[in-house]
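Before any questions on binding or motion, here is one chain by itself as structure tokens, the form predicted on its own.
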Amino acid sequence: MLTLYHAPTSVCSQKVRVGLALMELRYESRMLNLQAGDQFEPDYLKLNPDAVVPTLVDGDLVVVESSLILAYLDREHFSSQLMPADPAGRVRAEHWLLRCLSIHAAINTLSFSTAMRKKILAEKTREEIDALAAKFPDPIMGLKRKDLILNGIASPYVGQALVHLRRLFIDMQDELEEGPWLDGNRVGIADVALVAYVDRLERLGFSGFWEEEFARVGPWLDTWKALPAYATGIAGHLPPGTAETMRSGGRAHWPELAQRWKKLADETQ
């Protein structure tokens, strides 16, 4: 039996749950409360020393990093049906999986510098924020989290995030030319790897990143939303009221982000 350690609104947890649903794989759910600090508990750190979710356990094997988990599940439990068969397609898909590290960092940046920042500042003192940052096994990640909370979209990490997101949508727009999915007419592992990230931006009220310039991205996300795997992996795990809070918390920052996005577009054309 597969066991998944995950969290309801974690984008990396979402993309693995979407993959599990698409592959129709059953698993034992171990839900972590990230706000309460479950990821820093000693027993969990033995499984995942980076104190992040998700973590997959398959017998005696522990698999971490969401893109690697997707690749493992597809290869070992789904006969590699999500991975393109041709060498060029496989290389493109594997490159998308590798790029998810920077894409996730960008989504994390925009989430914590906008909607999540507001909630944390309302609930925690400066001393508690410092203590939270100190818990991260990677001290640079702790410093990043504290900077996003204290400085919001003025943080230098936001500019870095916008650069990576622009590359993401340029490449998605190109690859979606041949069909509704990144691999053409069939859903593939790259689509599964990216859906939770694009969905998070839409939930933050940031669909303006793609609506005018990258017109194929919106229909791609709409196609995902019509699939049962999306409901099972993402929508079905959202706690009541979180969607409205996230959207309002993000939308307040959209005017400034839109200006910076346009400036970046002008500079890179």
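Please read these numbers as outputs of a predicted model, since none were measured by experiment. Just count from 1 along the sequence shown to find any residue number.
Missing here is the form predicted together with a small molecule; even so, the following discussion is about that form.
Pro54 within 4.5 Å of the small molecule in the predicted bound form, heavy atoms: Residue-level check for Pro54: yes, a contact with the small molecule.
So in the predicted bound form, is the small molecule close enough to Glu213 to count as touching (4.5 Å, heavy atoms)? No - in the predicted bound form, heavy atoms of Glu213 and the small molecule never come within 4.5 Å of each other.
Should Glu65 be classed as touching the small molecule in the predicted bound form when contacts are defined as heavy atoms within 4.5 Å? So Glu65 counts as contacting the small molecule.
Whether Leu221 contacts the small molecule in the predicted bound form should be assessed with a 4.5 Å heavy atom distance threshold; does it? No - in the predicted bound form, heavy atoms of Leu221 and the small molecule never come within 4.5 Å of each other.
The small molecule in the predicted bound form: within 4.5 Å of a heavy atom of each of Val11, Gln39 and Phe136? The answer is yes; Val11, Gln39 and Phe136 each reach the small molecule.
Stretch from 97-105, 175-183, 159-167, 77-85 whose residues place a heavy atom within 4.5 Å of the small molecule in the predicted bound form: Partner-contacting stretch among the options: 97-105.
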